[in-house]
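Only one chain comes next, encoded as structure tokens, the form predicted alone.
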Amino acid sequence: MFYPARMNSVVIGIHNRWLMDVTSALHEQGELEVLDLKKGTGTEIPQTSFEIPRGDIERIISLQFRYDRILEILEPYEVRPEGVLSLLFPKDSQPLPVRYDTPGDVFQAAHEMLDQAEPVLTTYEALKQNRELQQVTRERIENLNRLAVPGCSLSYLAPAPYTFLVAGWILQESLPLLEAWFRESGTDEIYHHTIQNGQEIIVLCIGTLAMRPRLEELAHHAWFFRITLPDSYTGMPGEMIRTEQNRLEEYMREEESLTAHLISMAESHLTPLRVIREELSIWRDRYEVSRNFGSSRDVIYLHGWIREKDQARLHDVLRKVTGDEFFLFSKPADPEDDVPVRYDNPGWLAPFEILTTTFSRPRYNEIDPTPFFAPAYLLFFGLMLGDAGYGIIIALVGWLLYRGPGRHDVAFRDMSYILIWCGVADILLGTLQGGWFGDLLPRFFNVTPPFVLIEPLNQPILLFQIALIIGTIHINLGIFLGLWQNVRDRMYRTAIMDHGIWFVIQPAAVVLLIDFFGWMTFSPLVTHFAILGTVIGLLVLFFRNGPMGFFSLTGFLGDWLSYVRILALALATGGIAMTINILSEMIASVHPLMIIPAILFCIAGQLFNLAIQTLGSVIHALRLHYIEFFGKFYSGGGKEFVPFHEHRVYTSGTREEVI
């Protein structure tokens, strides 16, 4: 619990006929990190690469591509529940008890499913084409509406034996550009006519056939929007508009039909498609991990890391799958090796690992700070926020998130779990500080909060002293852990000169300061020991760090004073909450009808205070750990343990079911 899990390096040998069975079993067990034998592990295992069946991998990749394409089309048409409640409490999707034991089984199932689902592609193409036709029709209707001016016949746009016409529209501000173009043409073989149509100007330019290049050049200008219609269009625009609108309505009915068909196919096909897509991914992982294996004539070799306490289960799985036709050698991990790190905390503590990892994962032989981190973090958060009313809201929000999105996302689940405990800590410590939305209870309901031990706004000096005492304990815990770590690593010189010396300097300095200010009188012997301890401590610091030893002293003092932020945050939370209550009271006192705005103001203000002070408490509680506490003993930088583990969302199935 106080160190990462102990790991073993294991070498496994199996007959090659058990390859896929063992690979599948290890994938399902998910406890072994498989290493690449070709990357020089220092073992005496034959490192001849295992020839993986490329054909099967390429076949899986091809099927995955086809499945991805169909899923990409169908997923937008999946009917999902709407509303806030569905977001907070998403419906559980039950994994199907599906598992294919051989690649042949999954290939057959994949092709059978594709035969059923690939009509989705033709339906979707028809829908795309329909929407393109709708877009073209809408543009035509829009252009026809522009040409629907008195005296304008569509026959003017049709090709003529001796003339060429360009129709289009420009914005009002582009009219000078059109006139300049016309002047630059310098010919009387072009005639242009403009019709004002709101903010647009309809332009008709007609010229002889010799002027066609010049007229087409006009259509290339960015300020000119050419109107093109099929040559078959004749008559007045109004008649064609009705025809196009009828056509558009027909397209829209067809779109509704195609969309309904896709929704129906999404309902019937999405689940089996996802199931088989997941199985394809699992089998692809199994094939690709084979790149890390070694081989001799009949034997396949695997090398990896496994948690010490999981090795018996690994042995049991291999025995069941191969019928004892395997060998397994193991040895404890050497800290000098590049050992992957796996946390070893109990379940109730494990969610806090995410906060440790945010700073850095511990090295294999380094103390895991999570067991010390979690309780201190909750204590700091609760003291800083210090309001039981806010704690109730935070715990409720955390519970809603834990029961909602947290069920489907591990990171979300861990963060909502931490949020719940932050809320609980704030309820307890806020009660002791008498904070219930500031002074809401005594101010508006004349109720004295129970169990109050300290009021930050009335007793800031006491809270200041408590913060410094907490800081002293927290920092010295960090120093002690650093001392312990160095003694364990047999680095006695570092343990004494970097950590142990502080347990000499601190008590000696306390005695001298108390004696200096006259708070207490000590015997001469105690005073002399304190002077001696201070001198020795300073000599060790300057011997160890040179002139920088001075900054070791100031740094320690700075770290200690950083804990005063506990007082500052608590005062800020209570002060702002009380100010909001006072302002609400003033608003309500203006007129009896102002009580409603006063209540709304009070709710909005308290929520605002809750948001900013919660954020501040989270950040500063983390800071006290990451900088002041971790700096005394923790460096991190461990390598993550990545087991060969199948990730199932839509399917279920365990090895025990088939053995």
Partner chain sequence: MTIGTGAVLMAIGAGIAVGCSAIGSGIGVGIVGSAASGVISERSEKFGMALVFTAIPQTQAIYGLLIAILILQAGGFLGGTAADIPTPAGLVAVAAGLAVGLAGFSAIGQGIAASSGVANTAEKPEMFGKGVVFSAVCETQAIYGLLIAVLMLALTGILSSDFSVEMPVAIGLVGAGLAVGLAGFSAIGQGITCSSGIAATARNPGAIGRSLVFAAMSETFAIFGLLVAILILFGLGLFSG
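No experiment lies behind these values; they were computed from the predicted model shown. Residue numbers count along the first chain shown, from 1.
Note that the form predicted in complex with its partner chain isn't included here; everything after this is about it.
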Looking at 568-576, 121-129, 344-352, 493-501, which lies within 4.5 angstroms of its partner chain in the predicted complex, counting heavy atoms?
-> 568-576
Touches its partner chain in the predicted complex: Gln613 (any heavy atom, 4.5 Å) | yes
4.5 angstroms heavy atom contact with its partner chain in the predicted complex for Phe182 = no
Though only this chain appears here, would Phe464 touch its partner chain in the predicted complex if you measure heavy atom gaps against 4.5 Å?
-> yes
Does Arg69 reach its partner chain in the predicted complex if we count a contact as any heavy atom within 4.5 Å?
-> no
Just one of Leu477, Val564, Ile195, Leu133 has a heavy atom within 4.5 angstroms of its partner chain in the predicted complex, so which one?
-> Val564
Which one, Tyr191, Phe412, Trp399, Phe550, lies within 4.5 Å of its partner chain in the predicted complex by heavy atoms?
-> Phe550
Can you name the residues of 511-546 that have a non-hydrogen atom within 4.5 angstroms of its partner chain in the predicted complex?
-> Phe517, Trp519
